[in-house]
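Coming up is one lone chain in C-alpha cells, specifically the form predicted alone.
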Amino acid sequence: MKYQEVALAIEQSIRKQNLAQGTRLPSLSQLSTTYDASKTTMVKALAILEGRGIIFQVQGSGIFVRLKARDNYIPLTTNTGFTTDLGTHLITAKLLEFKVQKPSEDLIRDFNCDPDEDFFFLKRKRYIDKKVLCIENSYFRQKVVPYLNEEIANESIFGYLDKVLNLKVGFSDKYLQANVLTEAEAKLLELPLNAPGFYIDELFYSTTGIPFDFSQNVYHYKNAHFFLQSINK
C-alpha cells in the first residue's frame, strides 16, 4: 500500500543520512510533495514511523527523528528481520533443515488453517558478525508463500518475500520467555549445559491481516541484545 511504501522510503532516507536524534524533518505538506502522496497517506505513513520509534511528532512544532537503538540491539517493536534491524552488522544463516510438512495442532490454531495445508519448515542457525545469535525454527504457509528453496533459505527470506513476492509484513505478535536450554539447543548455540536461553515466538501477518509465518527463536544469552521503546499517547 502507498502509505507503507512512503513510510519505508522516509525511514531509509533517515538511515541513509544518519540523522541525529532531534533532527527536524520537513513539514507534512513538504513531505507530501516530496513523496507525491496525499495528506491522508502521509498521516498514515508517519503513524507507522512513530509506532516503530523512528520519529516523534510534537503538535505545533513539527516532526523529529527519534533516538536510535544502541548498536547491536534488536528492536522488539519492529518486524523487518535481522538484516534490516542489524544492518550495520554481518548477518548470516546456516540452513540445518528444510522440508514441506502438514501443520501441527498449534499451527492449525494460530493460523486458523486447514489440517491438509502445506507449510515450509526451515531450521536455521543465525550469526551476527560470525558469532552465534540464535536458532530459528520457521513455518511458512505455502498458501501465502508459494515457493521457497534452500538457496533462498540461506539468505534473507524477508528480503525475498518483499522484493520477489511483493509480500509485505503488516504486523506481528510476539511471545517472550526465559528458560534453561535443552541439551540440543545448548549444543547448537555453543553454550554449556543448563545455560539460560531467551525464547521468542512470533507470528507474522501480511498487510491484509493474513498470518503467513510462525517463527520460534532461541537466542544466545551473551550475543543477543534487545531494545524496547515506549510510546505514550
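So that there is no doubt, residue numbering starts at 1 and follows the sequence shown. It should be emphasised that the depicted structure is a prediction, and the values quoted were computed from it without experimental measurement. Between two forms, the rigid core is defined as the largest C-alpha subset superposing within 1.5 Å.
Absent from the display: the form predicted together with the DNA. The rest refers to it.
Not displayed here, the DNA is approached by V58 to within 4.5 Å at the level of heavy atoms in the model of the complex.
In the model of the complex, no heavy atom of P192 sits within 4.5 Å of the DNA.
Within this chain, D36 lines the site of the DNA in the model of the complex, having a heavy atom no more than 4.5 Å away. Residue contact with the DNA in the model of the complex: K44 places a heavy atom within 4.5 Å of it. For the options V169, L188, I63, I54, the one in contact with the DNA in the model of the complex, meaning a heavy atom within 4.5 Å, is I63. No residue in the set I108, K143 and N154 has a non-hydrogen atom no more than 4.5 Å from the DNA in the model of the complex.
In the model of the complex, M1, K2, Y3, R24, P26, S27 are the residues of 1-27 with at least one heavy atom within 4.5 Å of the DNA, listed from first to last. For L176, the Cα coordinates differ by under 2 angstroms between the shown form and the other one after the core has been superposed.
L25 is among the residues whose C-alpha shifts by 2 Å or more between the shown form and the other one once the rigid core is aligned.
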